[in-house]
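So this first bit is one chain, no partners, the form predicted on its own, shown in structure tokens.
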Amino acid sequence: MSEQTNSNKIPEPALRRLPWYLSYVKLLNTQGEKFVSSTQIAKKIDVSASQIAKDLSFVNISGKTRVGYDINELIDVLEIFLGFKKLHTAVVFGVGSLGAALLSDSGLEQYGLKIIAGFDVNKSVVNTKTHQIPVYHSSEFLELNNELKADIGILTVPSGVAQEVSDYMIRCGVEGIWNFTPFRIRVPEGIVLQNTSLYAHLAVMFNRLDQ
């Protein structure tokens, strides 16, 4: 089996599709299937078989003629390529309803993301635990991250302080930010930023419903 762990050269649309393939082949694996073709995946994922084959060429795995891809091998290669087998530690800044929900989502760990602490300024949540994960005052992060060594910061604070909190997390050693706020924060070169705007996705859905 050949494997590739560097996803820098893969186009982002293709990278976003790979977890869809992984989810489906994992389902097939639980059903006892041993092989899957790009045509089979295409029927379920609504992506053309040729596009699937092209996407999978980035992970450097080859299917067998008239047989397809070995499912166990495909799962292993995709999980390594997507980084799901390497555990990343993260903290959540802003333990409101969304932040608390993320702290409670133990399923993230199977995809390589372990949330180890929450941070907030609200006295009602500071020094409490959510899903057994401690919540500290935001001002303690600089000192605590010397021990926690979190490399990802999850941003769920109000938009008005999003940039300020982002800058603070970076000064404290965070190397990547998963931004759930509607505010488009700016980060220095070398810091990985992923924006996930629930509101933007809602706007697209509402707009299409009303057409």
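Numbering starts at 1 and follows the sequence shown. Note that the structure is a prediction, hence the values are computed from the model and not measured.
Beyond what is shown, the protein has a form predicted together with a further copy of the same chain; the following relates to that form.
Considering a further copy of the same chain in the model of the complex, the lone stretch of 140-148, 48-56, 153-161, 61-69 in range is 153-161 [heavy atom distance within 4.5 Å]. Shown without its partner, this chain lists Val121, Leu113, Ile75, Ile133 as candidates; in the model of the complex, only Leu113 has a non-hydrogen atom within 4.5 angstroms of a further copy of the same chain.
Proximity of Glu12 to a further copy of the same chain in the model of the complex falls within the 4.5 Å heavy atom cutoff. a further copy of the same chain is not drawn, but in the model of the complex it has no heavy atom within 4.5 Å of Arg171. a further copy of the same chain in the model of the complex comes within 4.5 Å of no heavy atom belonging to Lys129. Residue contact check for Val36: none of its heavy atoms lie within 4.5 Å of a further copy of the same chain in the model of the complex.
Shown without its partner, the chain has Glu175, Gly176, Ile177, Trp178, Phe180, Pro182, Phe183, Arg184, Arg186, Val192, Gln194, Asn195, Thr196, Leu198, Tyr199, Ala200, His201, Leu202, Ala203 in segment 172-203 as residues with a non-hydrogen atom within 4.5 angstroms of a further copy of the same chain in the model of the complex.
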